[in-house]
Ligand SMILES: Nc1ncnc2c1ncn2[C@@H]1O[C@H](COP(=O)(O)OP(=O)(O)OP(=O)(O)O)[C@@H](O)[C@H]1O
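Encoded as structure tokens, the following chain is the form predicted on its own, with no partner shown.
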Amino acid sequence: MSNVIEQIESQIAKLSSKAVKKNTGTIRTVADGVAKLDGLSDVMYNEMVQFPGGAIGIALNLEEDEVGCVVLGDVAQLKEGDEVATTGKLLSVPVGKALLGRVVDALGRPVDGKGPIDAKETYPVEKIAPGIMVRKSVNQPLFTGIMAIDSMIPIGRGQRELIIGDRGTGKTTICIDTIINQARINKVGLASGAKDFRPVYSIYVAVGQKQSNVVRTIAALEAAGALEYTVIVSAPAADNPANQYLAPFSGAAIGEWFMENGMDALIVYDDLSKHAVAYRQISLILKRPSGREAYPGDVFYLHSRLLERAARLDGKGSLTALPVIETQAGDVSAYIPTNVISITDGQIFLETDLFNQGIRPAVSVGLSVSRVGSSAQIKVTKQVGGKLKGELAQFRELAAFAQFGSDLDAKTKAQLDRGARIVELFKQPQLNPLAIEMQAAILWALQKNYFDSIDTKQVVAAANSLKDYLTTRKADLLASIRNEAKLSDAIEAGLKASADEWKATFAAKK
């Protein structure tokens, strides 16, 4: 009997008579993934709101007599009159190395069927970008493995480089190649045991894409052994607009964890055109006034606050952003493309005409620019590729005029021949990024006129032959280029001997 009394007394002691304040309200209307709520007087902007059945919403419109809320989850279960409650928390996503090799949705929940993610920390989805004082200048290279980009439009760690072009011009391919290249560099660097080596972890955010495309991307990364260094945030076309709107911000939060913890990360937003469309959809349903092309007035702020989060921080790490924008018929002067061009530190413009001519990657040298420039290159690339962009731009100008006249002087013909060989040399198959030391060796051979005697149609075959020769027979020479990162006299002598030997064997094979 005394035992029962003790239990009752202990239960009474636990009782709290304090009044608990809870901010609740009801659903007034719900449609198209957006709920209008009554009674949530204390709700914060961007606060998570708890709906019945476990669905979560985000308060986006705080009006005088109601709250507009986008619902992340199954809207079909919700009905008018249901009770909702504030949570007092801003939307957060799990972060950390536990996410590497995984596919998550816009809220950081796993969607790859590999079980739960053991993440120790969470970061808020929306965060104020680092200020000017804590930023460092961008002067460390981030190699894409694409020769045309690394030699002429270099990307640095902490930079934001826009990849822009029409549909089907190879924008995603450049991003996937870059992620694969980071994984290859990571493996070589970690195996070497160098103390100052810093791996680059990648985050790929797929917004509004077909599910089959996302699966294809995952398969390509897995086949190349790059998935273990990559987090994939997927908000496919079948997802509701709220998830598509949130996915890039969730990806940025995951990338910020690496940056804040002294590591380097690369984030790809593929693509921000669909992101802007999803935001327009939400804004129109929330009855926000529409502006140019029916986009809301704050669509510039939407992308600027996202891309400003990419930085290189003093004493910490870096976050490099590669946003993707799809143009319509090459129109870079449309609303969203001009917005994002003005936010980023340069753009890689892919031309449909070049793509259709078989020049892939179809990088337009005239319209592409990196505002970081050669400070994001290592010395060896500057030495062998310094004049390339000027030569190629000159070639394009001359080629445009040369098609009208048949009799050309010897100097013009020589320039046209050299330009045609550079164009051929820059052709590169997809999912096959080149190590920077290999790029340097090939560009050195171009600079020293080893390709001049080879027929233009044979240049690609010759370059492949040189790559095979250097990989199989001159691995130590490539390693010394990689380690020294500049052309010393010994390396130049080694390259000359190797190129002479290769040229003799290549000529004999022909």
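Only a predicted model underlies this, so the values are computations on that prediction, with no experimental measurement involved. Numbers for residues come from their place in the sequence shown, where the first is 1.
One more form of this protein should be noted, the form predicted in complex with the ligand, which is absent from this view; the next part is about it.
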Discussion item. Please tell me which of Gln140, Asn339, Gln281, Thr172 lies within 4.5 Å of the ligand in the model of the complex, judged by heavy atoms.
Written reply: Thr172
Discussion item. Considering non-hydrogen atoms and a 4.5 Å limit, which listed residue (Asn240, Ser370, Gln428, Ser273) is close to the ligand in the model of the complex?
Written reply: Gln428
Worksheet item: Could you tell me if Gly366 has a non-hydrogen atom within 4.5 Å of the ligand in the model of the complex?
Response: no
Discussion item. Glu326 versus the ligand, in the model of the complex: is there a non-hydrogen atom within 4.5 Å?
Written reply: yes
Item to complete: May I ask you to check whether Pro361 falls inside a 4.5 Å heavy atom distance of the ligand in the model of the complex?
Response: yes
Worksheet item: So in the model of the complex, does any heavy atom of Arg167 sit within 4.5 Å of the ligand?
Response: yes
Item to complete: Determine which one of 252-260, 77-85, 429-437, 228-236 lies within 4.5 Å of the ligand in the model of the complex, judging by heavy atom distances; exactly one does.
Response: 429-437
